[in-house]
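Below, in structure tokens: the form predicted on its own, a single chain.
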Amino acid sequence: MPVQAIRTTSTARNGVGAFILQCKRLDFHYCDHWGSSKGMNTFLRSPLIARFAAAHPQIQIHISPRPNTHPIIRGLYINGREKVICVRNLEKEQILQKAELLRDANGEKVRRMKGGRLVGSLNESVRGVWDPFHGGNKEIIGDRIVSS
């Protein structure tokens, strides 16, 4: 009687290994009559929006007319915030890029890093940020760094 191994699959614990997309809904607003909505109208009639929606089923897509205003894309996030991008006079490929930008954003405000530091940390290093030129004279020969 041969011995067979038991097949097991690992289960995710406490969200480790699980990715949750931060964007939960994208609203596309357009106007049928204004010239600034021409790119948005062609985008909504093209297969690009259908491919985008099929590739991201976890994002709700709402399309609604907004008469007499410029076209916008509004992203709503799981933290309750929203981001709005005006897409007036943009082509359909550029509008797709803006939709992907909102999809990849996390909904947080864009903040400037304090102090101009390259590395942000709660525990500052005593020695500073390491680079390959620390610790003596170095010489670059071709594509190699050689100690001299």
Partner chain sequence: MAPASRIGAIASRTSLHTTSGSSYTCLQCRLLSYRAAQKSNSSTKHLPSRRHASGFINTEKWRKKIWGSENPPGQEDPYGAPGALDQRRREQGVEDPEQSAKEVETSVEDPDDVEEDVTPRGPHYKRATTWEGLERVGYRNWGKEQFDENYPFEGFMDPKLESREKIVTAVHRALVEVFALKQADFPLVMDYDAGDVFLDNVDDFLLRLAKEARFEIDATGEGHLVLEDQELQEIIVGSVTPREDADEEDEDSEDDIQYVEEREEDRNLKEGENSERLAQKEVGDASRLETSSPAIEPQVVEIESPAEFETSDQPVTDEIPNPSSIPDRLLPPVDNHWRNVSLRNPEIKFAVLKRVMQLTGIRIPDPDIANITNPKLLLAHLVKKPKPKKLAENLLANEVAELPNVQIWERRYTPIHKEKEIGRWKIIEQELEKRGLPATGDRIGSRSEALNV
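Model, not experiment: these values are computed from the prediction. Numbering follows the first chain given and starts at 1.
One more form of this protein should be noted, the form predicted together with its partner chain, which is absent from this view; the next part is about it.
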- [ ] Only one of Leu44, Leu96, Ala105, Cys86 comes within 4.5 Å of its partner chain in the predicted complex by heavy atoms, so just point that one out.
- [x] Leu44
Task: its partner chain contact at Gln60 in the predicted complex, heavy atom, 4.5 Å - done: yes
- [ ] Would you please decide whether Gly35 lies within 4.5 angstroms of its partner chain in the predicted complex, comparing each non-hydrogen atom pair?
- [x] no
Open item on the list: Val110 versus its partner chain, in the predicted complex: is there a non-hydrogen atom within 4.5 Å?
Closed with: no
- [ ] Please run the contact check for Leu101 against its partner chain in the predicted complex: heavy atoms, 4.5 angstroms, yes or no?
- [x] no
